[in-house]
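Below, in structure tokens: the form predicted alone, a single chain.
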């Protein structure tokens, strides 16, 4: 009698690896400091200034920025408040493209990201140039909503999301590091979620500017 063989069982999928202390929430929570700004396309511009290679600032109005080279990237979104939203499909202008169009000076090491109402966050120049870092206009095929940063937010997937600044208006190249808004208020200067760098008291000597 022929023996009927059962198909081999597929291995159970491995649980998603998350940074320490993180969990996956329902939806995409909204967190920010201050009110949601109104977008006025005729007044909006994006500026690159500070330690540029030409020593001159660069500027794009909204139509010119929309025409810049675009890319897509799929990445998780890690909030310092301990939620992670997985597999976001971002679309926008890569940070590396901005650096090619408006190059930093040779001695530039960091970037201050500036947003509406004077909000700021500092990142390393290498963070701006990293794969997946972009000035995003879309998520999962749709325009960002105002409470998630419309018309433009920086996305730095490998850092905690307070570095992924909403309502971005420009970047300043720095020749030495300087703390931004939350970094001056006790958040970690680097913000690596895999090292759980949440607060300034965790900083190591020599890797961050003084408070």
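Residue numbers count along the first chain shown, from 1. Everything quoted here is computed from the prediction, not taken from an experiment.
Below, we turn to the form predicted together with a small molecule, even though it does not appear here.
**Q** Non-hydrogen atoms within 4.5 angstroms of the small molecule in the predicted bound form: do 79, 153 and 167 all have one?
**A** Yes: each residue has a heavy atom within 4.5 Å of the partner.
**Q** Just to confirm, residue 147 within 4.5 Å of the small molecule in the predicted bound form by heavy atoms?
**A** Flag for residue 147 set to yes.
**Q** Even though the partner isn't displayed, in the predicted bound form is residue 174 close enough to the small molecule, meaning a heavy atom within 4.5 Å?
**A** The answer is no: residue 174 has no heavy atom within 4.5 Å of the small molecule.
**Q** So in the predicted bound form, does any heavy atom of residue 69 sit within 4.5 Å of the small molecule?
**A** No, residue 69 sits far enough from the small molecule in the predicted bound form that none of its heavy atoms falls within 4.5 Å.
**Q** In the predicted bound form, does residue 31 have a heavy atom within 4.5 Å of the small molecule?
**A** Residue 31: contacts the small molecule in the predicted bound form.
**Q** I need to confirm a contact call. Of 108, 115, 75, 112, which residue comes within 4.5 Å of the small molecule in the predicted bound form, counting heavy atoms only?
**A** When the small molecule is considered in the predicted bound form, the option within 4.5 Å is 115.
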